[in-house]
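Next up, structure tokens for two forms of one chain, structure 1 and then structure 2.
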Structure 1
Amino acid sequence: MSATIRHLWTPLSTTPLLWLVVTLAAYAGGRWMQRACGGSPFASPVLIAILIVGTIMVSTGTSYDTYFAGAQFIHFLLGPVTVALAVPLAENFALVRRHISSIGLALLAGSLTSVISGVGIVWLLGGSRSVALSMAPKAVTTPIAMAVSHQIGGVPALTASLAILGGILAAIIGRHMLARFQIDDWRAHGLAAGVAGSGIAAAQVAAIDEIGAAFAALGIGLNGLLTALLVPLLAALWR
């Protein structure tokens, strides 16, 4: 029996097609599980898919290079999706014009807080430089976060995981925490979710309030641009 499986597995395991199918199936499974959990942010399809694929890789002794030979076709689309973020950003330009000073100040303050506190806490607790650099861009939308991390010498895979974890945390606690500080304006909720928790937190706000959704989209796009400008400069100073 196991000989038959090995017979089938050995030639399959090296074709790129197998790992493309595994990745798509794991993500579809993650989506299904999130729906089954009533859309809970805990059941992130990305995290579930990473766990499933990771488990299959480790248990079959597959190297990351072999896996990536198949998965690179999906990975390649990170570039075009980053460019595509211009569409929601441009559609909300009118909102930026109307609240330019509020948005500008809040964005700058929130973005700097995220980068400096992330790097600072890692440094204070004795973490390594590469972990600190991977932490710096983690608040922005994952494709931009990974590109910036790669640029400054962080570990893009670590940054991707941190971005997802931060997004889940922001989605879970954001609304209640801000309500406790008497913040009831959805423009503030939306922008904060977009700046601090990118797509995952933004989706949570977008499901509740339409204005919040527009400001969350703005927060994601503008913080992506600002962080991509700011973090490489700050990283160049910190040598």
Structure 2
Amino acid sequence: MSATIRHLWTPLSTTPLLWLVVTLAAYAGGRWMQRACGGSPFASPVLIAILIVGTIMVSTGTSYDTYFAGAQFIHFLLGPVTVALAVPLAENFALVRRHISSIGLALLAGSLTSVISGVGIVWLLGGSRSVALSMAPKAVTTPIAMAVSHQIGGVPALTASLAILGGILAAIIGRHMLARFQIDDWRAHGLAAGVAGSGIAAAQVAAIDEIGAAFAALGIGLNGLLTALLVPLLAALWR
């Protein structure tokens, strides 16, 4: 970082809300870039914001603890936003109840596929047991994934990174992959986003279709519960 930029940055870095502003500005820039790209899902605003904020942190030598101290209000909002997904679920509970058997089968298939494929990829590439255990709960929302990873002997930080990356990928390619297979039912789109543990994809579905939002909320909640029960059991058997 040049002396001029350092001279300007040093007084700003002590401002408590600096990183909150930087994060919001980076996301706004990501939204603008996505619109400039014609709404392409590959121009994900979340991914763009991560790259912008990460570049600024590395360039200025800012630690994660410093960043989090300024941007923790966004972290706080993750809880209320996740809980808010229960609103469309409650409003469409009768519809969900009518499809509970098919939902259960899809949930079990999705959860098992995620766990087995994640561990299998690490095993085939010669990875360690701790990395494989870190991969196992990657397809659930990040707080649950980190807790499960810690319980079974994985690396929670690695699991968090994999869960976030998986959520972004699900948001980028999920809808288009389902559309390619001519699946246009928003119940399927929502459940797929939820079972993938992608809050980003769930938010995209929720913005388009209320019923899809209900199934996304259901998928996130039930997949988190199933994974928290299933992965420790499979890890114990692996020993």
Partner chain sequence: MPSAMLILVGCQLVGELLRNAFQFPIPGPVIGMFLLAVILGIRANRTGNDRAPPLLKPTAEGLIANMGLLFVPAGVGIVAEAGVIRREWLPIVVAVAGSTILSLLVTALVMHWTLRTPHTSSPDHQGDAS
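We call the rigid core whatever largest set of C-alpha positions still superposes within 1.5 Å between the two forms. None of the values given here were measured: they were computed from a predicted structure. Residue positions are counted from 1 along structure 1's sequence.
- It is structure 2 that shows the chain in the form predicted on its own.
- One rigid block turns against another between structure 1 and structure 2, and the hinge that joins them sits at Leu95, chosen from Pro41, Leu51, Leu95, Gly79.
- When the larger part is held fixed by a C-alpha superposition, the smaller rigid part turns by 19° between structure 1 and structure 2.
- Structural comparison between structure 1 and structure 2 after rigid-core fitting shows the C-alpha of Gln34 displaced 9.8 Å.
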